[in-house]
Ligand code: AMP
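Presented as structure tokens, the chain that follows is alone, the form predicted alone.
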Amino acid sequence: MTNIENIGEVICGIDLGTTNSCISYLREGKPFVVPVEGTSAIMPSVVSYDESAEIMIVGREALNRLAAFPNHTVRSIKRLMGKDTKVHLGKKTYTPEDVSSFILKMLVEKAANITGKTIKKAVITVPAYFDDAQRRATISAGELAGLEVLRIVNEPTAASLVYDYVTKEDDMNSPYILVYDLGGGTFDVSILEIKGEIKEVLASCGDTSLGGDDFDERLVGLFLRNIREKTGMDFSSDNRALHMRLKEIAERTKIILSDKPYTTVREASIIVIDGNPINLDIEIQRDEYEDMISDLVNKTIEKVNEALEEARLTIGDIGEVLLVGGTTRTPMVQQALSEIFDIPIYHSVDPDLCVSLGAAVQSGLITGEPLGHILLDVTSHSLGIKTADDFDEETMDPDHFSMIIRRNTKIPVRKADIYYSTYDNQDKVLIEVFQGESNSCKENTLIGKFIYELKPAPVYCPVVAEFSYDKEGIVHITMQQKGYNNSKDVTLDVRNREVKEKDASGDTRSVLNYIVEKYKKIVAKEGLPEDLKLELVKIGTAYERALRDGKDEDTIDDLETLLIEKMEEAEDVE
């Protein structure tokens, strides 16, 4: 077996976090985190554009610019991943994928300089409850950063992979561990069963809009009320610069209150009104702060109970709680868990680093390193198809989500269900594949669709839809019209939305627009200038999204014209 490190190339594990990010790699079979910010391995997930120098600044230096240049700086971009939105850095406009790619590129460049290794491939982690769009956006960000993303791994699952490096199996009084992952912008809880070298995820639950940022916002609200009492003016919604500065103060205050029972916040000239500086001077007790965040902590406990129910376990079955994410340093969080579980609650692994370290371990599993781990994960969301068992009350269109693979099902998995034609000699049916937990398709996420042609048959002709979901995130679908020699195999890559069909004759064709295929080949072209590549990917991604979401024809035509023009420009590059 070839040792990748010996030939100067490593596969890195990256925790692309809401608040902070870090990068790790394997060395002699053990994961090591790279100190990318001086002596610190933690790099703030902050990006700032310096207009005067026309450069993008990332990390601690960008965070330091936040208060002075709030309109040129962005943080917590992870919360926008997978959304059709843009952010502004000065006069420039970027997608969340663009901003995340700047963070990834900086991590890789610094890690390569420090280790002297070539880094072109990565395993990147995401919250377990990220949906398909958010996962694909993360892959897109990696590709924009020049990385080959080998796998997207759930953060709690990654954290569990470093479990063996800090805990001996003999110390366990139960084979079940609960991973409680409360980061800056998201929350996940996963339950795993440890069976020797095998780690099996039994259940994952979470909230992609709950994290330390929300804790900070409660303190920001307190600061704004204090300012309103002094000035009689409400700045809660119309002053971005003030909000950015208060959020930075709130984050520092939160950290202090994790170690001390109270703190005094004193900030001079927090805002100037009619030439008069307004100062912030307020003492905050930890008890007061905990009252502000109690509902948020309670939401996480509800998810803990939900995960236990999904895993069919009781509180007493859990042998250890693994804390992940910087927000788990909040005493109230640890206290809330201690009130549930009759076991010590503490940080057995650095909560800021264990996800990245676990991603590095996962990279070793992919390349065949003898690490002694076998990982069995679960589906994060349910998968199914749209049927006419129910209708949208407004449009009267079919809108029933028929679940085929339930969330938290172990993967790989194969499931099937039977459906029926709706009228005599029905010649075709549109198969739309969704993921989500609602009975209504419009409240779930469309991840692919294709036409299945039927042979002439009486009404209620049975059709079997079989789904298989492998560990790489690929969904294989087989449609079969019972009693007729009529089947179709479809492969749906949940990671990049590619759909390929194979009919009964064995011929394979791509359902994706041929323009998309051509654009992807051009993007992979060597020697393509970075700015041109970035523009091409931005337009191409928007075009794919428009096709996927069924946008109006004018929008699709306009994007298609732009994409073709940009492809022609790229093809002219020598």
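Here the structure is a predicted model, which means the values were calculated and not measured. For every residue, the number given is its place in the sequence shown, counted from 1.
As for the form predicted together with adenosine monophosphate (AMP), it is not shown, yet the points below apply to it.
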With a 4.5 Å heavy atom cut-off to adenosine monophosphate (AMP) in the model of the complex, the contacting stretch among 428 to 436, 328 to 336, 459 to 467, 139 to 147 is 328 to 336
Listed residue (96, 384, 127, 212) with a non-hydrogen atom within 4.5 angstroms of adenosine monophosphate (AMP) in the model of the complex
212
Adenosine monophosphate (AMP): the contacting residue among 286, 254, 121, 110 in the model of the complex [heavy atom, 4.5 Å]:
254
Any chance residue 20 has a heavy atom within 4.5 Å of adenosine monophosphate (AMP) in the model of the complex?
yes
Contact of residue 399 with adenosine monophosphate (AMP) in the model of the complex (heavy atom, 4.5 Å):
no
Using the partner position in the model of the complex, report whether residue 207 sits within 4.5 Å of adenosine monophosphate (AMP), counting heavy atoms only.
no
With the cut-off set at 4.5 Å between non-hydrogen atoms, does residue 101 touch adenosine monophosphate (AMP) in the model of the complex?
no
Using a 4.5 Å cut-off on heavy atoms, which residues of 349 to 365 contact adenosine monophosphate (AMP) in the model of the complex?
352
